[in-house]
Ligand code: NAD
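One chain follows as structure tokens, the form predicted alone.
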């Protein structure tokens, strides 16, 4: 098959692209390289640097494509609170631009990487797809808005559309920015160097951490599974882990002795998150196979950047 992946040089995009070409598919990738790294991509991926809002470029890349995986996005919750306009431009505007181009070219299927963040705080921490979304950040709002645009434009244009609400994905190759770094690569790196780990609030907040390979399996299944048009699926591990318990496992895996500081005044965000993955299991044959401890070990083994850091990052 022929695929286009937007955000192809990012953490999830590069993992998906490399798996697809390994299995013999033709893959085109688009990324503006604001955070992505094309060096992560197999030389068999036809990569183009460009903006998701560049419709003429999208038209050319979409020719003869069977399915689009739309992963291009800004993804930091704290950053979105500072720059909501930018998140709207890229995450919402870019999605609309892509769907317009897909409609004009005649694309048959679009798989969208949404986020578990759209749920916000719910009474039941086991989150089902039919729960009413309660987004708490511009990032979450942008993902929810993009879901609606994709379903609506897809329905009008006869495009099969699938939204995957991905929870806290982690694994080798995850981008670690200087500010607002994702919790797992940040904790691993600080533990390895015996640095300082800061935990917001009291550390009892829980998240559903899902290994990158399991997410890629779900995306690939969503690209080809029949009778899933217009559906939304949770993609997580199906287990929740508190920040305190995550830290314990990380210390066991790394053997590190970092200084741990609790910032009791900081907002920890959504209190509890755990994905109900029964619908994905039924329709996508989704069965996450890599549990947290093994996933952390694999991350350490496969990502040399976790063990190193530059002087200007101190």
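Residue numbers count along the first chain shown, from 1. Keep in mind that what you see is a predicted model, and the values were worked out from it rather than measured.
Beyond what is shown, the protein has a form predicted in complex with the named molecule; the following relates to that form.
Note on contacts: among 72, 98, 184, 222, the single residue with a heavy atom within 4.5 Å of the named molecule in the predicted complex is 72. Put simply, of 35, 285, 42, 63 only one has a heavy atom within 4.5 Å of the named molecule in the predicted complex, and it is 35.
With the named molecule omitted here, the record of contacts in the predicted complex names 164-172 of 226-234, 121-129, 164-172, 185-193, defined by a heavy atom within 4.5 Å. With respect to the named molecule in the predicted complex, the three residues 50, 90 and 139 uniformly fall within 4.5 angstroms at the level of their nearest heavy atom. In the predicted complex, at least one heavy atom of residue 114 sits within 4.5 Å of a heavy atom of the named molecule. The named molecule is not shown here, and in the predicted complex it never comes within 4.5 Å of any heavy atom of residue 16.
The closest non-hydrogen atom of residue 10 lies within 4.5 Å of the named molecule in the predicted complex.
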